[in-house]
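In structure tokens, the next block holds one chain alone, the form predicted on its own.
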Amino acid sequence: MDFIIRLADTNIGINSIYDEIHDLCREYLTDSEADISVSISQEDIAREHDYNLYEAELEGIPAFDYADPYLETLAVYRKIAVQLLDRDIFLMHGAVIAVGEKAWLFTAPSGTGKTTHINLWLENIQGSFVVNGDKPLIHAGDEFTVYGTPWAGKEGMQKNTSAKLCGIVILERGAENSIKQVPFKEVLPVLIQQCYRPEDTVQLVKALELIRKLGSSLPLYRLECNMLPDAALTAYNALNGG
């Protein structure tokens, strides 16, 4: 199947084996000419299966036997993420919440409570909306712009839109709600861990350079929070005033 989607102001041609990727990307389809393209083979899908086994082993959890159509969606995004690095666009694992034209990315290891926290924003911060709940794209230009993508985690929280990225928040659980700005070097290991890192050395260097640019340009925060409504208000008041 051949079709074109538009992500991060880039038209991307996709040559796929299964229909699932087309269905996943239906809100991002375009009739415009492709700027870049990706093509998937059975070898790519088999590689995703191996990645899944490896990551499960690292996390010490049972590996789930995903079907090939789902694995293809991962292979597509992996190839897209590599090519977009040449356009100063990179993939970061995190949940992006926006109010008006301002957005903030909350990142943390899986299971920390990112989805729960952004749901508190939706419930308590008027005008807030989710740009992407799991795997947004970020363009490093004169300012940083974050984009929604169809790859949005099991909750599927996403919107085909963009917003100005105004800060990165490292989310941690705590009994009380507190947020403080932190230096780049303190959170650099987390940012590297949460950024997509290609296997190719040249592309890896490019990804790390974009992380350095992000960390030296945007305010970075550490948020300790419980899962009560005041957590969202504490975060929003500090971030919007910063």
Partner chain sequence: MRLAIEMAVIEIEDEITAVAAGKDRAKFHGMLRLNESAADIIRLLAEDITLKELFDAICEKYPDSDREEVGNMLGNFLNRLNKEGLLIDDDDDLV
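Positions refer to the first chain, counted from 1. These numbers were taken from a predicted model, which means no experiment stands behind them.
Below, we refer to the form predicted in complex with its partner chain, which is not included among the displayed structures.
Taking the partner from elsewhere, residue 64 is found to have every heavy atom lying beyond 4.5 Å of its partner chain in the predicted bound form.
Although the partner is absent here, residue 43 is not a contact residue: none of its heavy atoms lies within 4.5 angstroms of its partner chain in the predicted bound form. The closest non-hydrogen atom of residue 69 lies beyond 4.5 Å of its partner chain in the predicted bound form. Although the partner is absent from this view, residue 193 contacts its partner chain in the predicted bound form, with a non-hydrogen atom inside 4.5 angstroms. Contact with its partner chain in the predicted bound form, judged as any non-hydrogen atom within 4.5 angstroms, is confined among 201-209, 22-30, 171-179, 35-43 to 201-209. Though its partner chain is absent from this view, in the predicted bound form it lies within 4.5 Å of a heavy atom of just one residue from 135, 114, 139, 78, which is 78. Taken together, the three residues 58, 189 and 197 all lie with some non-hydrogen atom within 4.5 angstroms of its partner chain in the predicted bound form.
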